[in-house]
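One chain is shown next in structure tokens, namely the form predicted on its own.
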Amino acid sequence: MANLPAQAAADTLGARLGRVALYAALGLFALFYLMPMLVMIATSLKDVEEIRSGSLLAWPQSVSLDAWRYAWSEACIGVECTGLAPYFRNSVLMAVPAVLLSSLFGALNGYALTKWRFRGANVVFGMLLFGSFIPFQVVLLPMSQTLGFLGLASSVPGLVLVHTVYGIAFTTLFFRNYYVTLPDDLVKAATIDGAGFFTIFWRIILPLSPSIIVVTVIWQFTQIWNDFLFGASFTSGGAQPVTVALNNLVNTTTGVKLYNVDMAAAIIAALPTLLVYIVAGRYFVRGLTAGSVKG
């Protein structure tokens, strides 16, 4: 009996040491994965001469924001611009409405396919699900013809339409799988009280959907913002998104390769998605598991 306090103390010490070792290992892994980002930040704060003469992993001897100013500058000649600022705005004007529209249509589809069952609902869902597996390259030609017919070729609204249509399959899948877990009695009770299709959707179903809405918005925003193929295929000149502008900036040869500008431009282009995951990452994980267990 006398050894019980000593044994308890030893167990507590062992648990603390195990926790410290676990956190240390996680810290090392995090540092390993963050190393490319740290190198990009350090390089973007150097001038070209220091990059050539110094170590790649060394922190800048004198911090300079010239590369960031050049990467963001809005110096335009005609429809062509050297910086990312106008193209960054294009991506915002493209991503925000495309995310909202595709998420709204996906929510309506998922709601109709689960709570308002109709003949052929499974066939419709299967056809929509098939759209999730269609490669981007397959739709390039028919989509370009459609945009030309609608007068939306080489424009930001055209990209909004493309990403909205292509994203409906994914958003429908997300919302449908989530709404299956909601009890049908909610809809039946509201129907008895005289509520219609859209009233039930706006006042009952949608307020119960914050977790899956977060998942869908983050997924869609990441896919749309990082897209390069659609932007390069369906736009030109001043209507291009930031990913295409980044590619053009990095591949521009002016004699001396400006690695600091390339790094600064890459961080600027990736910053929105990075911030989205930093701010809403925990809700993304919760939303992924919200509808995994029924009952």
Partner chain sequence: MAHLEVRNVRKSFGDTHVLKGISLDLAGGEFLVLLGPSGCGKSTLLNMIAGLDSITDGEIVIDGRVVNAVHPKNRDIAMVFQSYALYPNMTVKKNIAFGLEMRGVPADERARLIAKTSALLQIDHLLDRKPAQLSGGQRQRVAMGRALVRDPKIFLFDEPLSNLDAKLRVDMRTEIKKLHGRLGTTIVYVTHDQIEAMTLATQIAVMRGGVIEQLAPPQDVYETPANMYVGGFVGSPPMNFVPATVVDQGNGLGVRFRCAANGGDGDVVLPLADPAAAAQWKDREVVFGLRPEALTDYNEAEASIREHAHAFDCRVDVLEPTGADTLTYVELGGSTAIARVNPRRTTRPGDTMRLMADMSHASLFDPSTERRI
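Keep in mind that this is a model prediction, so the values were computed, not measured. Numbering follows the first chain given and starts at 1.
The form predicted together with its partner chain exists for this protein as well; it is not shown, and the discussion that follows is about that form.
Selected contact from Ala153, Val92, Leu140, Ile204, since only one has a non-hydrogen atom within 4.5 angstroms of its partner chain in the predicted bound form:
Of the listed residues, the single hit is Ile204.
Contact assignment for its partner chain in the predicted bound form, among Val180, Leu100, Leu186, Ile134, heavy atom within 4.5 Å
That would be Leu186.
Applying a 4.5 Å heavy atom distance criterion, does Thr199 contact its partner chain in the predicted bound form?
Yes, contact at 4.5 Å.
In the predicted bound form, Leu208 touching its partner chain (heavy atom, 4.5 Å)
Yes, contact at 4.5 Å.
Counting only non-hydrogen atoms and a 4.5 angstroms cut-off, does Leu113 reach its partner chain in the predicted bound form?
Result no; Leu113 lies far from its partner chain in the predicted bound form.
Hey, in the predicted bound form, does Ala190 get a heavy atom within 4.5 angstroms of its partner chain?
Although its partner chain is absent here, Ala190 would touch it in the predicted bound form, with heavy atoms inside 4.5 Å.
Its partner chain in the predicted bound form: contacting segment from 190 to 198, 168 to 176, 102 to 110, 144 to 152, heavy atom within 4.5 Å:
Among the candidates, contact is made by 190 to 198.
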